[in-house]
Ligand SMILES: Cc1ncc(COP(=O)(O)O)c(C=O)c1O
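Consider the single chain below, provided in structure tokens and representing the form predicted alone.
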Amino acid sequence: MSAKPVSKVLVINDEALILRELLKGLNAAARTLDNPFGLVFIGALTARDGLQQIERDGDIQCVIVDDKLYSVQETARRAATRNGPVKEAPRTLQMTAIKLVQKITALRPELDIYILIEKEKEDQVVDNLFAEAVDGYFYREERDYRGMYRILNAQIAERARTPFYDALKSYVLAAKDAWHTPGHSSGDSLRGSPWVGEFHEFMGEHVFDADLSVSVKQLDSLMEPTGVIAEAQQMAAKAFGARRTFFATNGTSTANKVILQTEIAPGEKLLLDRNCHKSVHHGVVLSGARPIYLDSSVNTQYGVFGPVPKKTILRAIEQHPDAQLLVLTSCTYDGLCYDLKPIIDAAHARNIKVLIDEAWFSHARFHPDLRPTALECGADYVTQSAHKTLSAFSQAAFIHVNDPGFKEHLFRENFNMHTSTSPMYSMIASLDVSRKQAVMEGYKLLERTLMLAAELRKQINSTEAFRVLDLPDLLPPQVAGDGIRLDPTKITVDISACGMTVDELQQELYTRFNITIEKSTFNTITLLLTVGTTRSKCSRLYDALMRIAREKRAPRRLYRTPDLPAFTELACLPRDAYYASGELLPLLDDDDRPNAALLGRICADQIVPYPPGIPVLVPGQVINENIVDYLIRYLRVQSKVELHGVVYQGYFPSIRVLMPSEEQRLGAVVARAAVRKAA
């Protein structure tokens, strides 16, 4: 049975007697009226105390603020006590309502805020607070506690709604006979089967009951939503601070492609981190963009890819003012976050739109220690993998839009190009539910997660065989002064003193301690903490690492992963190279040496070690000796890592390159384009 929620409403009023009366009346209403969300009213006499309670107590869902908060000077209060009653002790203004609302919103933007005002000052107060995140007003003179309670209860109920999930659940429980897809027909094809009935029992009946068809009109259409999906998306936009939000069921990978196809026409310029996720490079191919690759920073000591240096980005913006879009990843796989505001401002000054891949940072909006988010810094488009750090199903993602010039029709056409006409309704419901959880208890859960992360860091360091890398350890020298932050929910651990290779350590954790980790380099492992991380999980991990440390294996020489070779040059548009016929050439010649025939050739595919999904070669890129050597060494020492784009002809790893005739044809196209541009 689910736990019952507790929803605290904080009332901030500077007069003790009035505050006591407000709390007494409101709590009495909560006790006598229907209270499904567990509303309870608490108080604070000062703005400072109120802000401290908001920061400390994750169960606070709503705040009622007096329009002006005064404080009586302590010396006057003592004088009044000595000399008997006085008409009015000197009072100083603590904080205006507008300033307090701004502070509350900066701390926890998901909270509902109401202002207590005098009737005669209504117009003045409302005008002053018009641009702020205020949900409503109550008159100080009207002590209608039951009416106030009903309004607050309804407001929390509205924020806690899950329009799509509610509709899906209602339809499933109605148990309609299905004469439409999918073929399992609410699981009837599986239930009781001697061959596959076990799958039905393992997955549970509602997995199949909720797997429905677009024929169910009550559940709206993901491709053209006008009902419960549209409503759920509007609620998500408000929660994340976007103008518009769209649900994506093919992950951030597809979300990135949709944005690139919307914002870039064939041949238009795109500024992008060379080390961004492969989906962005796929978007370059699909859109026909002319990419300007920005080399990111690299921490070679630990094999960690960092952000692009700020000076590199700003220089590219100045050199390419005709670019249509800038694409960056923040935070990175290892938790490194850009100082985005000055970068986005510089791009906007040149009318360049900005897309931030926030696949690993969807939780940041809901805790002040993690903000500002990309949307708060002014990004036009943000894509997020809701399944990575929130509670959505795998592949569930958000596309957030803040672009004032948003081309909705073009976006919708591109979105529908990539979206299945038979989306999984359970995945859409999980986006709706994860949004609800984020706004109702995200702060509380993330407060716990951050506390556990801090404790786990100390515990890991205490083993002496393992060391958590701090921001200075992770930062490549090129970005040391760029204002980079570290998301503390990503913990990177140096394992070089434990006496095991990273592969051996991962195997030991998996087989002996039933622990799997997020990723690794040749000398580090990365742990991901989320809203689902528990203290017991942390304890089991610490116990495992301490047991391994106490075995005191002698440190071993670790084979370092070869450094990613520098980008060479782009001989033609990636799209043109990708759609060429090409030919396969092996990486090794007949004498098992690097194949010299590859040097100077133009790659036709994207060659990507996965994870982390960062390309070594992109279509249209010229191949040199360093790249060939890197790929051969990588295949020999990283047998457990996938290398996407490499094709095996028997035992010979090969890559697809342009044929000489194709090089000549595409080279002529590039030359003509250069002449036209010069003219």
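These numbers were taken from a predicted model, which means no experiment stands behind them. Note that residue numbering follows the sequence shown and begins at 1.
Keep in mind that the form predicted in complex with this ligand is not shown, yet the notes after this line are about it.
- Message: If the cut-off is 4.5 angstroms on heavy atoms, which of these, L446, A289, A577, A359, is the one near this ligand in the predicted complex?
- Response: Exactly one listed residue reaches within 4.5 Å, namely A359.
- Report the residue, out of G251, P109, G306, G442, that has at least one non-hydrogen atom within 4.5 angstroms of this ligand in the predicted complex. That would be G251.
- Given that the partner is absent here, does R159 sit within 4.5 Å of this ligand in the predicted complex, heavy atoms only? R159: no contact with this ligand in the predicted complex.
- Task: Answer with yes or no whether K310 is in contact with this ligand in the predicted complex, where contact means some heavy atom within 4.5 Å.
- Result: No - in the predicted complex, heavy atoms of K310 and this ligand never come within 4.5 Å of each other.
- Task: Using a 4.5 Å heavy atom cut-off, state whether S385 contacts this ligand in the predicted complex.
- Result: It does: once this ligand is placed as it appears in the predicted complex, S385 has a heavy atom within 4.5 Å of it.
- Query: Q233: heavy atom within 4.5 Å of this ligand in the predicted complex?
  - Reply: Q233: no contact with this ligand in the predicted complex.
- Query: Counting only heavy atoms and a 4.5 Å cutoff, which of 159-167, 532-540, 253-261, 342-350 contacts this ligand in the predicted complex?
  - Reply: Comparing against this ligand in the predicted complex, the contact stretch is 253-261.
- Heavy atoms within 4.5 Å of this ligand in the predicted complex is the criterion; list the residues of 256-281 that meet it. Residues within 4.5 Å: N256, H277, S279.
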